[in-house]
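Let's start with one chain on its own, the form predicted on its own, as structure tokens.
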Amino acid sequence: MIEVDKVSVRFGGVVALAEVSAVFTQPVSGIIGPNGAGKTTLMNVFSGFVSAAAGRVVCDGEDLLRLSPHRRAHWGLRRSFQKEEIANDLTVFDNVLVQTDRGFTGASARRAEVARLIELVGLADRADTFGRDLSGFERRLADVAKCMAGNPRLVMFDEPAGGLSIDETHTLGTLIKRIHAETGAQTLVIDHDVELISEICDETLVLDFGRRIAFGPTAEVLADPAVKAAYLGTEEV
């Protein structure tokens, strides 16, 4: 369970998040909203890149905001960025291996886990390929494998489907849905692709101008007139 409790963020006189609260209980949950709504800011609060002016983020009984960013990673927080973080001068295998330093004590166990994850994401035949030689979609798949390595407890994706084709997005969504079964981690997904959010997220939080305007089962949230008005550009009735 992930409890976001009255999280507020201010950048000078600008209120980026205003007492946002939600309790995520499902294996995969979404966060959506228009550009500038505060989605990435909330994710940055989780990971420690942005400090909250007030509030808590409690995961499995641990208030992440009390931990330094590196301790959050040791706790089990993983995230991807809008641009995947793949080292061009490392192979796919080594890109994933570096994420397991604190997840396994034995080298053989670590390497076996990496091999399993690379096969899971469909890159077994590219394990020895350097990052610079991967396609955009292959880089994203390698990024997913990285997020699943080293015993994660919370995995966050920031617009993972950006620039992908329909088929690639479907493949990515299928992988994201497998994360909980494979690792036990909960997953949060930010994306503008409403179809992807609808397909993989059991519950969804909607932000607009830094405020929560809806939260609940994804189908109900996407049917909410306030959400359609703010996010889909329709008139609220």
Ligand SMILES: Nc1ncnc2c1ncn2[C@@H]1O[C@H](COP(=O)(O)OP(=O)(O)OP(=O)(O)O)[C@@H](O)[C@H]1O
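Start at 1 and count along the sequence shown; that's the residue number. On a predicted model such as this, the values are computed, not experimentally measured, just so you know.
Just so it is clear, the following notes concern the form predicted together with this ligand, a form of the same protein that is not shown.
Taking the partner from the other structure, this ligand in the model of the complex has no heavy atom within 4.5 Å of any heavy atom of E113. Taking the partner from the other structure, this ligand in the model of the complex has a heavy atom within 4.5 Å of a heavy atom of T40.
At the 4.5 Å threshold, heavy atoms of G36 reach this ligand in the model of the complex. Of the heavy atoms in E159, some are within 4.5 Å of this ligand in the model of the complex. With the partner omitted here, the stretch from 28-36, 171-179, 193-201, 58-66 that lies within 4.5 Å of this ligand by heavy atoms in the model of the complex is 28-36. Residue-level contacts in the model of the complex: of Q82, S135, S165, N88, one residue has a heavy atom within 4.5 Å of this ligand, and it is Q82.
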